[in-house]
Structures are given as C-alpha cells and as structure tokens.
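The chain below stands alone, shown as structure tokens; this is the form predicted on its own.
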C-alpha cells in the first residue's frame, strides 16, 4: 500500500510539473493561431477557427524569413567555433601539465560568474573600434567569447576522465598530438560535445541582450529582435507576437527532441571505459 501511495504521489508531482512546464508553450501555440482581437475577447480561448495563414504572413510579409536566416547563420557558425575551439582548449587543459595551467583554467571559470550586463559597454566600444558593430560577424564573435568559458568548463571535466593509457597507446603507435586529439579524444567526447552543442544552440538562439545592443540594421536583426517589432508603446499585436514566438520555438523543440538522449548521456557521463 505504501509503495502504491508513493508511486501515486510521484505521478502527481510529475503531472503538475509537466503542466507547469508545458502550459505556457501550449498557450502560446494556441494564441499563434488566433488574431489579436480574438485573444483580447478571450485570453484562454481555443483557436476556433485556427488561422494557419498567420505563419506564411509572418514569414513572408513580416520579414521573419530574413530574421530566421540571420539567427541560423549566427548560431550555427558560433556553435561550430565553440565546439572546436572549446574542445581543443578543454583537451589541452585536462591532458597537459604546464606552468599556469590551473591559473588559466581559473580565469576561464571566473568568466562564467560575470553578469553579461557589465560587458556590454566594453563589447560595444571594441566592436566599434574594429568596424564590427552592427554586423553579424561581430555578433557571432561576441557569442563565441561569451559562451566559450562555459563550453570549456563542461568539456574539461569530461576530457580529464579519459584514461591516460589510451593516449600512451596512441603515441606508441606513432600518432602525433594533433592526431591524438582528432582520432582519440574527439570521438570519445562526442556525448559531452553533443551536450554543449545543444546548450549553446538553445542559449544563443534565444539571446536578446547582446543582439539588441549590437545590431540596429533591420536587415541584420535576429529572431528575438524581429519579434520585438510587434511591440509598440500604444498597441501590441499579441497574435503576431505569439506566431513569431512559435516560429522561434519550434526549431529549439525539434533539436531537443532529436538530441535529448545525447544531452542526457553527456550530462550523466561517468568515467570513460
């Protein structure tokens, strides 16, 4: 009887948490298929009739195709650089002992605790001085700089657990240090790399603060900035805001759905055998 009550309690908690987590997403999905007038008349009403035409309208008439392409190019490039550079740095810090190793690691780790607001002015001045302000290249470099400490921090602990015998055997087989990284460390670390790819993609896809400060050109706006276009001082097009949110959310949901298993493996990875 006690076991049944325990399972029922856990199921109740899981159900409540699922409703709490999925509720806003379902609500936004319903609003994305309704007009602003319909939402004003009934905030939680069902999308009857469903206005599917809002998605092509937002995509073609509201410049969302451009915003989506900008976000995709920036995020894909930044995540690729973060994955390669972060993996190299983590491999170096975990496998090689040199003077200042732990000091460098401490500097990288300490950068994680700084709030992003304190770096805005310095980043703005730096990008202006190098002619990278209001450019997707500049925004990409900022994303790389901001997320690199967290990427190295996650990967370093994973690389450190790879048995040293694997590297010794590779050296005996004539592998160079460069080959050891690409043919031994990198393949073994794929679960952890998948974790950083997913986390960085989600964080950068939804990033707003740096984009709103460093991008002013309409043609270079990312998706979060594009959604802001429907927010005015006197009137907000809530229906189109919800449609824009769904356009931004769907890719993240699909990425997580397809790679959630890799994410769990990377987060729970123990000692590598």
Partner chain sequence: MATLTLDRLSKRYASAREVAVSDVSFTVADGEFMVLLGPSGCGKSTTLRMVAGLESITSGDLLIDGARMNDKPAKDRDIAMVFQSYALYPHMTVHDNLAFGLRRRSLPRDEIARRVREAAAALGLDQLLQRKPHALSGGQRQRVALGRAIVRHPKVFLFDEPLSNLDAALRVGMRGELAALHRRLSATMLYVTHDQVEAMTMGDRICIMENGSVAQIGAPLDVYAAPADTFVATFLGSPAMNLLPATLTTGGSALQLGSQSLPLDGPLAAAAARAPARDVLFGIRPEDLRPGDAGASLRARILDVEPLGAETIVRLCPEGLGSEMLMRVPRTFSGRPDEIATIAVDLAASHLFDPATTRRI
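Positions refer to the first chain, counted from 1. Since the model is a prediction, treat every value here as computed from it, not as a measurement.
The form predicted together with its partner chain is left out here; the points below concern that form.
- Interface residue remark: residue 134 is not counted as part of the site for its partner chain in the predicted complex, having no heavy atom within 4.5 Å.
- For residue 183, a non-hydrogen atom is located within 4.5 Å of its partner chain in the predicted complex, even though that partner is not displayed.
- Under a 4.5 angstroms non-hydrogen atom cutoff, its partner chain in the predicted complex has residue 171 among its neighbouring residues.
- Among residues of the shown chain, residue 188 is one whose heavy atoms approach its partner chain to within 4.5 Å in the predicted complex.
- This chain appears without its partner; in the predicted complex, the one residue of 80, 72, 166, 160 with a heavy atom within 4.5 Å of its partner chain is 166.
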